[in-house]
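Shown next as structure tokens: one chain only, the form predicted alone.
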């Protein structure tokens, strides 16, 4: 096993290192919750998100001659020879089939893939989004000898195309390809759904201060909770109001109205968790620390001490949205009142990037 785990280093030393894809997580303002088609990752509703910049997955590819793919994460080795049904290898096979059907011959290319996160995974900070965005982009780049996103576009894979492929691994991965504020439109069929930038990052510099209430992997996956949502008596009402919420959120972004956006963020997050709590199998992602921190945020805002609003994804950790210019002072306040809490200070970013293996990147 130790020898196999060193394959990536061996291949790099032989000059076989190819590319590294760096993909950020994203935080949904209007949540994607529930799937109309699980196989094709067709969401039950349209959504709106902000792409982050510091919470990223870095995934590197090297050629190998084993005849199968190898995937290394947290020093654990998985192989497509032994674990073909693993979600990583299912997605790689989907990408191979997609490229082959478009006329590209890549059947004999196999990779050793090494992936790492800069943030805790599986606890509600969209690690599957960044992970599958990096896996998809890196695979396409490795197969087409592309070392920049511009080269990948010339090879036939622009960000819109990559997003459609990435979402098949994880729905929210499609929102991590482009930067800024992203709209995922459900449309009338899985084939017609689209993921496109709504507003560029430079148009409004918002921060996401992530307060870690727990870094433990959640007990119920988002995939399962998506299915349970259909059994909630609140779900149909939620879906009936989504279009109006999206309109409201986009207006708040366009007018740079943080209070208008913030009030919607909190309502939307709590509604999503209410659906989870009342689904066919109830799921509780909150913990006691989550509740305490949310109460503190609201109390401090009422006192005029905190110009920030919270949201949560499918996990216990709080995303505090504020103006980037006020982020440092807010972080200091959190550290003063909650000295034991881990904090990730993030902000809106420019999306997935590709680098030639071994290049320096931030």
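On a predicted model such as this, the values are computed, not experimentally measured, just so you know. Numbering follows the first chain given and starts at 1.
Separately, the form predicted together with a small molecule exists; it is not shown, and the next lines address it.
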property	result
Non-hydrogen atom contact residue 28 with the small molecule in the predicted complex at 4.5 angstroms	yes
In the predicted complex, residue 138 touching the small molecule (heavy atom, 4.5 Å)	no
Contact label in the predicted complex: residue 318 to the small molecule, heavy atom within 4.5 Å	no
Heavy atom of residue 159 within 4.5 Å of the small molecule in the predicted complex	no
Listed range touching the small molecule, judged in the predicted complex by heavy atoms within 4.5 Å, from 325-333, 58-66, 292-300, 32-40	32-40
Non-hydrogen atom within 4.5 angstroms of the small molecule in the predicted complex for each of 54, 115 and 118	no
261, 142, 95, 272 - the one with a heavy atom within 4.5 Å of the small molecule in the predicted complex	272
Of 207, 128, 232, 146, the one that lies within 4.5 Å of the small molecule in the predicted complex (heavy atoms)	128
